[in-house]
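Listed next as structure tokens is one chain, alone, in the form predicted alone.
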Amino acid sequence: MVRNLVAAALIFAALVLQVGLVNRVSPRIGPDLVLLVVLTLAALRGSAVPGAVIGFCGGLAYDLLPPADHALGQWALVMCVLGFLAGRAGGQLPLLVVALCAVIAPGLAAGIGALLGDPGVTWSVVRSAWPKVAVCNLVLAPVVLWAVRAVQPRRRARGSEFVSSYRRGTA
């Protein structure tokens, strides 16, 4: 329960920072904090379904946040798919998985935007913007991973399932 509330608070903080700071400093090319937080949370959970749920919720919040110039649900789909992949593969090497998904994300978002008929998605825009956004995400990925790990509560270790003393003949 506490982990879910912390995850929601982290996504909310990333949304506020994205709109209030990052989009004002560099409106076209800049890191995607919401994407990085969602990917980090999914990778640290280490499971596919919670990663997809975190991705969907974060993406839907990102879609509803103004100024939205894309189809409703586009980022929900992108982050749901990437959250699923990050949760599935992120158990052992979360930084590598977050970095790989952060590089893939702008192309996936542009591809889905093109499929949905977004007039702002052209090959020239994708070729010029994708590498810049990917580099910005790569630079910020370790910082976001460190911050989310520092804030997220640790899971308590459960007791051992093995019987500590076993005597023959007693059950």
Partner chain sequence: MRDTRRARLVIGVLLAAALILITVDHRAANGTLLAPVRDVASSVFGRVEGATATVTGPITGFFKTISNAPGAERAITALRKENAQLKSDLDAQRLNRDRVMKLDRMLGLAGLGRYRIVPAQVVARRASPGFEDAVEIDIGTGDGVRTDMTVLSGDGLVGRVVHAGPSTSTVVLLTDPALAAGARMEGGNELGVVSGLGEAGGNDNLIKFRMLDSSSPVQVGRRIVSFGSQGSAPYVPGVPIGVIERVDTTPGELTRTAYARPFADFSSIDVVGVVTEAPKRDPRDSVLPPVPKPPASRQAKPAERVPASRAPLAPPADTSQAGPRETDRTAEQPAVAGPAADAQQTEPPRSGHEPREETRPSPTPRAAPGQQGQEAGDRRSQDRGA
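Note that the structure is predicted; figures quoted are calculated from it, not measured. Numbering follows the first chain given and starts at 1.
Quick note: we don't show the form predicted in complex with the partner chain, though the next part is all about it.
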property	result
In the predicted complex, the one of Ile54, Ala43, Val37, Ala109 near the partner chain [non-hydrogen atom within 4.5 angstroms]	Ala109
Close approach of Arg24 to the partner chain in the predicted complex, 4.5 Å, heavy atom	yes
Non-hydrogen atom contact Leu95 with the partner chain in the predicted complex at 4.5 angstroms	no
Any non-hydrogen atom of Leu145 within 4.5 angstroms of the partner chain in the predicted complex	no
Residue contact check: Val133 to the partner chain in the predicted complex, 4.5 Å heavy atom	yes
Output flag, Gly73, Val81 and Ile104 jointly within 4.5 Å of the partner chain in the predicted complex, heavy atom basis	no
Any residue of 42-71 that, in the predicted complex, places a heavy atom within 4.5 Å of the partner chain	Tyr62, Asp63, Leu65, Pro66, Pro67, Ala68, Asp69, His70, Ala71
